[in-house]
Ligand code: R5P
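Next up is one chain by itself, shown in structure tokens, the form predicted on its own.
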Amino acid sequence: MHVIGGTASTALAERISRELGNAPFGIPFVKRFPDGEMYIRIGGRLEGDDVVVVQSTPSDPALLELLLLEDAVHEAGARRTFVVVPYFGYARQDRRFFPGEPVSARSLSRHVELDADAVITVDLHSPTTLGHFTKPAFEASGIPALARLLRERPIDLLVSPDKGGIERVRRMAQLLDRPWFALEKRRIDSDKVELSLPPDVPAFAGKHVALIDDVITTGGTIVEAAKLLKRHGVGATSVACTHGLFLRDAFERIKAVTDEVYSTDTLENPAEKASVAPDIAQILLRELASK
């Protein structure tokens, strides 16, 4: 088996190769032609071998690189191609909200699976996205990776910034054996939210609280959640998420109102402290053994 890491996921791909028993690991050669088109070349002999392509798609260039990598592996004669998309871009448009819109999650699922025998991703925005794939598709969770990290920290209480994350924070609470609750959220616009405490929350004055989320983009919700907890006397606040996009100045704004920020390595960012490599490798090893 060979592991190829795209430019958006090089470090994670190398960690996955180690989890797979130090499988051969390669980085493609990528450049731009004068007209801006992307050129890719992969090295090594792949004919008849299983190949794992690892590439998150937080941007259009990263998505294009993934599609070209898949085609290059196919042209090289790989026996099977396992495509790992740790952060699956466009997954948040998982249904049509207004006439004339595409269902982006469905469209991208169809394109990503074209030259793949199986697809693996991490913490999709909606579980229904897996149903858009016609080939085997699997979703790893970032919660175990974050739990492995937080288990070594003095966390007293877990908090979800909204009710949409209840299952996520509940699973984390089970792994860490900690109490939890979810904040009440009312969205004002795309950047502003209004948060409040639910009734009958566990006492948290003076305690170390961890805010748990799946993806942090602009950081608006997390900043407001941290401020709310601070007004009510929290002792310390940590933030942990699976996907750390941290657009614009989100990371600096969150750091200004919290004590620590953690994310997994699905995206390269200043907060990545936990790796999903073991969880992805577990799925790959299971699928390899079943074929």
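Keep in mind the model is a prediction, meaning the values are calculated, not measured. Residues carry their position along the shown sequence, with the first being 1.
Another form, the form predicted in complex with ribose-5-phosphate, is not on view; read the next lines as being about it.
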_Looking at heavy atoms inside 4.5 Å, which stretch does ribose-5-phosphate contact in the predicted complex, given the options 150-158, 96-104, 179-187, 196-204?_
179-187
*asked:* Between G89, P144, G220, P136, only one gets a heavy atom within 4.5 angstroms of ribose-5-phosphate in the predicted complex; which residue is that?
replied: G220
_Proximity of V215 to ribose-5-phosphate in the predicted complex, heavy atoms at 4.5 Å_ = yes
*asked:* in the predicted complex, is there a heavy atom of ribose-5-phosphate that lies within 4.5 Å of any heavy atom of D162, even though the partner is absent here?
replied: yes
*Since the partner is left out here, which residues of 131-152 would have a heavy atom within 4.5 Å of ribose-5-phosphate in the predicted complex?*
none
